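Starting off, we have a lone chain in the form predicted on its own, written out as structure tokens.
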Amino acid sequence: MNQFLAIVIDGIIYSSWLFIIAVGLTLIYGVMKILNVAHGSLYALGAYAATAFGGYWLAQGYPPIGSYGMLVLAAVFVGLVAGPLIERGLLRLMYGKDEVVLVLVTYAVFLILEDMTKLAFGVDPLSIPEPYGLLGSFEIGELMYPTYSLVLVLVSVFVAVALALFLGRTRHGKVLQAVIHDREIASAVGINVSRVYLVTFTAGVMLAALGGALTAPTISVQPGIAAEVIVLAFAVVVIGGLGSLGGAALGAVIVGMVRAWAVHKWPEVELFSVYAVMALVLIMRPKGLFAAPEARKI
């Protein structure tokens, strides 16, 4: 019974972490039809920025509780700087080209950002463990978990609810959905599609950086973390359906639970289990579980 409970709790925590990362990727694809390979590097940039901002805050002797604000500030900073810079400076010049070209462009951005982070932060591992241990731990039955894991779950729920309310209940959300369904008609009725793209890409970058910033206290931040994350994020959005918010949530839950089961029951196949589930889903539903219907233009 304890092992079953551990699988469920570990799966929920891991799913929450995956959703925060993957939702930005699926948001960008849903609106802009760009499969952003650079998403992993933006996650890593958020993690590095979090160690820099948080480390500076703690080094100045400020209250440790403020380090949580520094994590969020780091994600916002990366989003507001890197998002417009990449979208206005590079992607805007590529709109209208084949989707494969856009994938290659974002892959080039991935490689550039990987080298830039090495130049800026070095190749030695960095860490900021204070936010992780500051909140203590809690018990569920005979199991003990860090309270910081609960923060990840709450943040993922907040992000999901906020995005759902924004898309379904606000005027700007309706505008965004209009661009998603038909960007040409949206432009014809007066919607500034270029501005929608800029805001969407910036929000997606910010979510990727938030995932990295919240992960930074739990790991050693070092070169290579981007590649691992982008593979998992792709698995989540492919299982759920590219461009689907609900699909990203379901895909994160599926991947999280399968990985937790593999870690506890069959650790030798932990990594393989994720790809096995992805392959099984794609065999039955080639466009994912919640793929949005595509309009055909005649």
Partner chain sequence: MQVNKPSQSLKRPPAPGVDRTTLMLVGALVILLAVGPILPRWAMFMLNVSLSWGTVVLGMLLLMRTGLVSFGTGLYYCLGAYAAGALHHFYGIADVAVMLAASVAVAAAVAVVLGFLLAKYRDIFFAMLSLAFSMILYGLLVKTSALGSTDGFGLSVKTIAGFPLGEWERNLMFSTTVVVAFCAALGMHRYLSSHQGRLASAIRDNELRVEYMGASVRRVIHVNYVISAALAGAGGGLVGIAIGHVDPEMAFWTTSGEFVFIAILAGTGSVLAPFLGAIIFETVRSFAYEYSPNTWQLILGTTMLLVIMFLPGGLWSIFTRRKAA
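Numbering follows the first chain given and starts at 1. Keep in mind it's a predicted model, so treat the numbers as computed, not measured.
FYI, the form predicted in complex with its partner chain isn't displayed, but the following is about it.
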* Asked: When you measure heavy atoms, are L80, L245 and V253 every one within 4.5 angstroms of its partner chain in the model of the complex?
  -> no
* Does at least one non-hydrogen atom of R195 fall within 4.5 angstroms of its partner chain in the model of the complex? -> no
* Is the gap between H172 and its partner chain in the model of the complex 4.5 Å or less for some heavy atom pair? -> no
* So, in the model of the complex, is Y68 in contact with its partner chain at a 4.5 angstroms heavy atom limit? -> no
* Any chance L27 has a heavy atom within 4.5 Å of its partner chain in the model of the complex? -> no
* Structure fact -> As a check of understanding, the residue in L165, V157, L93, A188 with any heavy atom within 4.5 Å of its partner chain in the model of the complex should be identified as L93
* Using a 4.5 Å cut on heavy atoms, which of L135, L85, V161, I112 is close to its partner chain in the model of the complex? -> I112
* Please name which of the stretches 102 to 110, 175 to 183, 68 to 76, 196 to 204 has residues with heavy atoms lying within 4.5 Å of its partner chain in the model of the complex. => 102 to 110
* Since the partner is left out here, which residues of 217 to 241 would have a heavy atom within 4.5 Å of its partner chain in the model of the complex? -> A227, I230, V231, F234, V238
